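This document opens with one chain alone, in C-alpha cells, the form predicted alone.
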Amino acid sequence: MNTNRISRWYLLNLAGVGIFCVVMLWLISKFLSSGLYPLASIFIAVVVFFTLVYLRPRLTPFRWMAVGIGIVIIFTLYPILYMFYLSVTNMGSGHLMSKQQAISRLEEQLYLPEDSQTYSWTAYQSSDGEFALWLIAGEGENAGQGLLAIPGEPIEAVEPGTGRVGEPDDKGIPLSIEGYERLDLRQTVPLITRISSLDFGEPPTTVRVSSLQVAAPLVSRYEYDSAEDAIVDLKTNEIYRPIEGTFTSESGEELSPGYIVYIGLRHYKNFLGNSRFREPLLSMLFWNISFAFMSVLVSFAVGLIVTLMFENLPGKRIIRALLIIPWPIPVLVSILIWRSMLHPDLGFVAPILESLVGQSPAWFQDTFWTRFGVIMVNVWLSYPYFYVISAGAIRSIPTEIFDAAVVDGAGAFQKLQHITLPLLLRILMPLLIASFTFNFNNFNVIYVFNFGNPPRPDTIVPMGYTDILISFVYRLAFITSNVTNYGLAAAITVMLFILVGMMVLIQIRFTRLFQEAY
C-alpha cells in the first residue's frame, strides 16, 4: 500500500515536472530565437534546479522553498550576472539588440525603386479606425487604372460600381467602399502620419503613401546573406560585413542598428588604463568615500548632540517630535525644498547671508560649496535616524556606570569620552557601517540637489565634481545620449558592486567581533 502511494506521488511529481519543463523549454526556445542568451541561460538553470529537487529524493527538503529559490535566481541572481555580461559587451548607442533583431530591423527598411509605378490615392476609413486606399496609376501602360489596396489583402483591380466598390464620381474615384467612409483632403491631412506608416497590400507587393498626392510600391532595401554572413544593399549592391557588431562596407560606411557582441575586458582597460579617464574617476572615488564618511560622521555627531542636549528637558515628547520632522518627509521633497531655499535668485538664504556678511556662497557653481551643500542636506535628512538610535542606545547603558563615575569625580566630558562614546560605538558600529554603505550609493541627494554638477572640464565622458560613482554610471548610461555606453557603465557598476561587497563583508566581520566582545 505504501509502495503504491509512493509510486502514485512519484508519478504525479513526474507529470508536474514534465508539464513545467515543457512550458519552460518553450519559453527558453523563444528567448534563444530572439538572441536573449543570458535570459535563456538563467531559465535553463531554474529548470535544472526544479527537475533535480522534484525528482531526486535526497533533495526533497528543498521542495518547500523551491519556488522562492527560483524567484531569487531570476530576479536577484540574473540581474547581477547580466551586469557582468554587459560589462564585457559593446552594448550602448546603436548596439542595443541581438544580431537577429538587428538583421530584422535592417530588412524592414524600405525604399522606392527608380523605375517603380506611382499612384495618386484617396483614403477611406472604417468605423474601427482601419484604412483603405483607392489607387490610380499615373504613368505607363496601366495609366488611369483603379486599384483597391487594404493592409494585409492583395491589391486588386476593381471597376467602380462593382463588388464592394461604390459608384465613381466625375474623377473616377469611388464615392464609397463597403465598410469604409471616404475621406476628403481636410480629413486626410491630420491622419497622414498614421496612413503613411501603413503598408497597403500583401507582401511582396505593397504600397506606401509617400506624400499627400503620391503612393508607390516600396521594397526591402537590405537582405541578409546567411552563407556570407553579410547584408546586401539591394539598391546599390554594396555588401556590409559584421565588424564588432556593426555591418560595415569596404568604404567604411556603417549600418544602424548594430548588435551586441563580446569585446572582452576593453571597458575595464579603458577605466584603469586611460589617464584622462582614470584620474577623474579616482578623484570621484575619493569624493565618493569622503561624502559617505562625512555624511555619517556629521549626522551621527548631530544626532548624539541632540540626544544629550534635549533628552532631559521639560516637554521632551514635543521636542522629540519636532526633531524627527525631516524623517517622515519624502526625501525628494526635502531635497527640492533645500534646492529652492539655496537658489541664488529665488531662495531666501542668499539675501539673508548677503545682508549679514556681504556675500552668499555659489551653492550650485562653486565645487567646494556645492559639496558642502550636498553634505549639509544629507545631514538634515539623516540626523533624525541617528538621534533615534542614539537615544535608544544610551537608554540601554546601565545608569550604575554613570553613578560610579560621578562618585569617582568624573565630569560630564569625561563621562562622555570614557563611558558614553565607547559603549555607544560598541552598540551602534554595525549601523554606522551600514549607513556608510548606504551613503556610498546615495544617488538621490547627489542627483536631485544639483545633478552631479558643476561639470568637470577636459574629461573623456561628461562628469561633474559632485558626481559619485552611482550618479556617474546613471549619467553615462541614460543621460548623455551622444556617448551612451551601457557596457562601460556596467563595468563601472561591477567594480562598484565589488567595492560595496567588500564593505558589506567588513560590516559582517565587525558585527561578529562586537557581538563576541559584548
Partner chain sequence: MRNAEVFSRSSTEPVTTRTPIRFEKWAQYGFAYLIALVLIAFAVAPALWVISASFNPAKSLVAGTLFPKNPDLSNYDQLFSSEFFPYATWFLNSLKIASITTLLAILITCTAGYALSRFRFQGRRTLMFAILILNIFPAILAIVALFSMIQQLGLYLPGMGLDSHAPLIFIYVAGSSGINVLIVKAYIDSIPSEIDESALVDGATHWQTFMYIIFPIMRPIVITIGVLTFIAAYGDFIIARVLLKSSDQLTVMVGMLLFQTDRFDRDFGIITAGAVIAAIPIILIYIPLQKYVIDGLTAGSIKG
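Rigid core: the largest C-alpha set superposing within 1.5 Å between the two forms. Computed from a predicted structure; not experimentally measured. Positions refer to the first chain, counted from 1.
Although not depicted, the form predicted in complex with the partner chain is the subject of the following passage.
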Proximity to the partner chain in the predicted bound form, single hit among Phe277, Tyr111, Phe293, Phe443 (heavy atom within 4.5 Å): Phe443
Heavy atom within 4.5 Å of the partner chain in the predicted bound form - residue from Leu234, Leu421, Ala405, Val448: Val448
In the predicted bound form, Arg456 touching the partner chain (heavy atom, 4.5 Å): no
Proximity of Ile325 to the partner chain in the predicted bound form, heavy atoms at 4.5 Å: yes
Exercise: Gly18 in contact with the partner chain in the predicted bound form, heavy atom 4.5 Å: no
Non-hydrogen atom contact Ala123 with the partner chain in the predicted bound form at 4.5 angstroms: no
Candidate stretches 379-387, 225-233, 180-188, 281-289 - the one whose heavy atoms come within 4.5 Å of the partner chain in the predicted bound form: 379-387
Residues from 269-302 in contact with the partner chain (non-hydrogen atom within 4.5 Å) in the predicted bound form: Val302
CA of Phe75, rigid core aligned, shift of 2 Å or more between the shown form and the other one: yes
Thr459: Cα shift of 2 Å or greater between the shown form and the other one (core-aligned): no
Cα displacement of Leu499 between the shown form and the other one reaching 2 Å, rigid core superposed: no
